[in-house]
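A single chain comes next, written as structure tokens; it is the form predicted alone.
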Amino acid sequence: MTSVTDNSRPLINKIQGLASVVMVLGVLAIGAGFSMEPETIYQSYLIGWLFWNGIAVGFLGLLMLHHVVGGDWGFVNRRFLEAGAMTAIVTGVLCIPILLGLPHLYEWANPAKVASEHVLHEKAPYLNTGFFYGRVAFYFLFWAGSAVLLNVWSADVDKTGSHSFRVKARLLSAPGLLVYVLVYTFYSIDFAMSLETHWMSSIFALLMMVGGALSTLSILVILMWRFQSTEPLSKVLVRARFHDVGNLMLAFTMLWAYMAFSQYLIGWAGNLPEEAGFYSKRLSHGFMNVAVALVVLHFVLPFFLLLLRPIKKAPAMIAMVGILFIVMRHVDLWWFVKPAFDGQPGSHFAWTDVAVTVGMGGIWLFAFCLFLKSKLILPVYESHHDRPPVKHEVYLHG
């Protein structure tokens, strides 16, 4: 039996205090946006919500992946993954303004538009508010329900040392990943692709999933960097674990670039009016500069940085790469959402596009810290190798 001191609580409290300030400012910004720029705020809110919900759901996907394939990278970060997955409950609540404001965002939710456009009328059996609400309820029941089960089982093993935890987690996660992909596909179609009712892409949902996973890994590596000096994580968050997560970031970076280029190439080769119109809006005016920035800063620069082993093993350096990914993920979503409202008020950059996302991030981070504090920062029973779990005593400080 070994003893370990858990002194991560003061850092969690510090982060939560900062998050609470950002959260209050964010709520004020959202309120001001609804009163000052009611049409623009819905667009900004959707961008921010897609960003943070993608991260919350991304944590659940990584947690399930860890339970299926194993690996020390997932074990040492299990508490981060579990807390992040639980924030799907929070993003589910934050989704309510979007559900209440569907006609402000989606043409298919406007009865007058549906009556006047043949395409919208043809898609009405699927794209209608009643069916949409039902699908959204199912999405969050699956996401939040899976997260709660995995968290409850993980907390229970800290008390009992039950050998059944890994079996139960794997039995849920293996088929759960298949359902996860299907749910994410329909979620991406409903909340993002249906903004462009005349356009479709068979790659788009996977592109959204990969982009969300990449930003989730970026948040994870920043958390590893901040907590690496706290016990007991200082003993397990070694350079090799940063290298592991860095390799995952590199893989998802290449996958994102491949899918983004494939989507563009297929649209260009097909030369159909719907697909040409989609890209013509996003490759004209100031949006062309944003597209170039995405190529350079979301792929080229981080790709070459992540090829370098010293950077992947340097916590501060890979955390900086993670920050770059987070910024560019927000830019990527902005570049997708804003042109969909071409010709409408607020279809270009507005201060709320940044303020709402930052404020929503304060809400997300505050909730994340609450969930993170609900369990010890490292599982009490070591079970990341194929051997009987070994108990260690944990002394909580702060």
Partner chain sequence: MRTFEEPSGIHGVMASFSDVDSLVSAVGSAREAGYEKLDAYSPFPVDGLSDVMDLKPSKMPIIVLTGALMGLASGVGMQYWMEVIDYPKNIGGRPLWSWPAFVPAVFELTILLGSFAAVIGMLLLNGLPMPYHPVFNVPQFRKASRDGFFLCIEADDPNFDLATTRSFLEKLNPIGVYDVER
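The shown structure was predicted, so the numbers you read here are calculated from the model rather than taken from an experiment. Residue numbers count along the first chain shown, from 1.
The same protein also has a form predicted together with the partner chain, omitted here; what follows describes it.
- Among the residues 138, 153, 261, 126, the one placing a heavy atom within 4.5 Å of the partner chain in the predicted complex is 261.
- Among 116, 271, 202, 289, the residue placing a heavy atom within 4.5 Å of the partner chain in the predicted complex is 271.
- In plain terms, the part of the chain that comes close to the partner chain in the predicted complex, with a heavy atom within 4.5 Å, is 253-261 out of 323-331, 253-261, 96-104, 171-179.
- A residue is said to contact a partner when one of its heavy atoms sits within 4.5 Å of a partner heavy atom; residue 265 meets this definition for the partner chain in the predicted complex.
- In this stretch, 224-255, not one residue has a heavy atom within 4.5 Å of the partner chain in the predicted complex; the partner itself is omitted from this view.
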